[in-house]
Ligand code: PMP
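Heads up, the chain below is alone and in the form predicted on its own; it's given as structure tokens.
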Amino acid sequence: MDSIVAACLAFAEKAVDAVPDAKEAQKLGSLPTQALCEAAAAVTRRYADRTFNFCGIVNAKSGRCSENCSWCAQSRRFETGIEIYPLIDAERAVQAAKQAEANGLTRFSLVTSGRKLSPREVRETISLVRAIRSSTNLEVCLSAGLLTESELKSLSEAGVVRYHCNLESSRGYFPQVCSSHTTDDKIKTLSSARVAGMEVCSGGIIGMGETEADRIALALELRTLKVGSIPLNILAPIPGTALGNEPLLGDEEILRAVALFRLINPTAQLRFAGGRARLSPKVQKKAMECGINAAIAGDMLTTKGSAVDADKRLVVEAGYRLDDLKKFDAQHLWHPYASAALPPPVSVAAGGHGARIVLSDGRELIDGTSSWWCAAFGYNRPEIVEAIRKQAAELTHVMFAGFTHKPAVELGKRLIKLLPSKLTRLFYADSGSVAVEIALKLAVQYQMVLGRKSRTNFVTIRQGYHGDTWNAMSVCDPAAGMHTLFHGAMQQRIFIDAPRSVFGGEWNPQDVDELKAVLEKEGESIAALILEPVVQGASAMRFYHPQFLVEARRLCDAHGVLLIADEIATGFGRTGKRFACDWAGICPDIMTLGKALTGGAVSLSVVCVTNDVADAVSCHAPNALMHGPTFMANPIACAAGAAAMDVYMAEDWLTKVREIEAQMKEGLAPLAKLEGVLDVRVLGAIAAVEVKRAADNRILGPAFVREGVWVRPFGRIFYLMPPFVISREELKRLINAFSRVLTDWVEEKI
């Protein structure tokens, strides 16, 4: 028995990343039920979401369907005595949705009879969806037949986030129970829904006379289609339909079907749907243990449903969570670069230590991003935690106008020791984006007080990123960056091509020609050149030749243009030097720092300025930098920063970064051979793999979590920026997991 279970587990482990071999899958049908269920239970615990998902439904249009589906009471070809009515109105739809929300559900589906909605009904359904979304926080799903791509697109834009279209049975058996449309018709609809921007939901009915081989074939088809939500219906024969006299499936066959679907679709939501109400609580609980981790709640259209409260009790008994935290998050919290209507999958972080994020269920993820590059010295660093605790007991906050305090001074002392000698004036801010806003504002004020009132614009290099606030967005890449939607609404900056000479390669003097030409032609309109030195971060993850900085410094000086170095991501050793500017041996007029400044513990940034710039602004009317954040120099944040800088100065992080660099270069080099990979590059504790297929973090996020790591690609860039405290063994595991998921992605296995 143990060997059979082990073989099933190995099969499912492969099925996580690739569609199983059909012959191997069919062999599962010959295994004893106990072994199948034990293996499926183990797979469920390991790979399936342990937060049980409920979806409420309403039969939004009933009867008069033209199709001849043998099981369906809504076909006009059968006399079943069901209630017949047209598409419901908004009041009834909202009432049903509110009842679902009151029952604690987060998802709600409108289900209509018929081959497809008419154009008029599509318009009416759009109104229903908008009414539900304006009255509730439910995610809205829809099952409305074989709609076209354009119809699905309009419904998606109205707020439908998931489209349901069951395949019902295997490709080979489906014609036996329906001849008015085909499996391919359904697959085309699912594909169109995906193109329209929706998730898809598709499953089937067991007990229609099909064989177990047919059930396996259906499970395989769904795995091939990468369906994430699979409703599993159990036929409840309805008198008057063609299958009205079909014998009921036994409990063992039902449990076998659940186990088979779970083994072939290890990570999917396997959703109990119609027909389960006739099962005993004991059998339903067993089904949950061996694969079911989602359900339709309430009445099941034309068959008896289940009571929500009873379902919830059973779910908890089966070992699942009814996670109010995740539910509230999905309904009310809006995540970065994410849809509010279709919230991204999230894990619940409960703690952290070293290079690891600890989840609420006890799992630990090796962090490959340093929490967007800020947790450089590790999570819950004791020295930083203690500094925060101590400061919180003394002074949590005081305005920085008219006051100073010890944490601000102590952090300042440490920064002055670290910074290039000419950067002697510090202006504290709240975040990286705000620091960039201040730097830009400061540069304009500097030029204006010197009488250069036309110098209000900025020049920057393409493929750059400087933050998400308004003025910061204006100096981000206008085409390839994350803010292209707003490009026409913002002040238009002057963009030049990024240097083509790469870090470690030969310097091409022509790389500076465009900057030279722009400054000669438009210098009288330019306040400053702003750039990310050496490493272009969130837009491109490119590493360019340091000589560009040398030439840029010279040209800026010649034309009276300030040089702003955005070191928010690169400061404090990330590139293998203390600051990225050190690779070129230059000092900017203004430098912005953030992220690792507090070790990722508290939000804080700083704008570092030369005396020349500070004095010009301070000694001319209005004799002040006209900026003042409310939480500027927050004592708790400054205390965290001072402690983080002590950690930074006490250890040889540059040696550690070079060790990380060497290990990543060696471990990631094989990826360059993959057909879907364009480039692999490493500098310091930064690695980037550029691929052809743009990332989808709704798929990739859970895939990385299953591997026990945390990685968050953007666009066509898969990157690693691990905490400096990561051990060699942890980094090896991170690199291997990163490589496996990336390989599966570029080879389109996930």
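Numbering starts at 1 and runs along the sequence shown. This is a predicted model, so every value here is computed, not measured.
Keep in mind the form predicted in complex with this ligand is missing from the figure; the text below concerns it.
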_So, H466 and this ligand: in the predicted complex, are they within 4.5 Å at any heavy atom pair?_
yes
*Find out whether any non-hydrogen atom of G432 is located within 4.5 angstroms of this ligand in the predicted complex, and reply yes or no.*
yes
_Since only the chain is shown here, I'm wondering whether E532 would be in contact with this ligand in the predicted complex (any heavy atom pair within 4.5 Å)._
yes
*Would L218 sit within 4.5 Å of this ligand in the predicted complex, counting heavy atoms only?*
no
*Pick from F458, W653, Y544, W373: which residue has any heavy atom within 4.5 angstroms of this ligand in the predicted complex?*
W373
*this ligand: the contacting residue among R381, R574, R256, K595 in the predicted complex [heavy atom, 4.5 Å]*: K595
*asked:* Heavy atoms within 4.5 Å of this ligand in the predicted complex: which stretch in 433 to 441, 546 to 554, 181 to 189, 131 to 139 meets that?
replied: 433 to 441
*For the stretch 542 to 580, return the residues whose heavy atoms include at least one within 4.5 Å of this ligand in the predicted complex, in the order they occur.*
D566, I568, A569
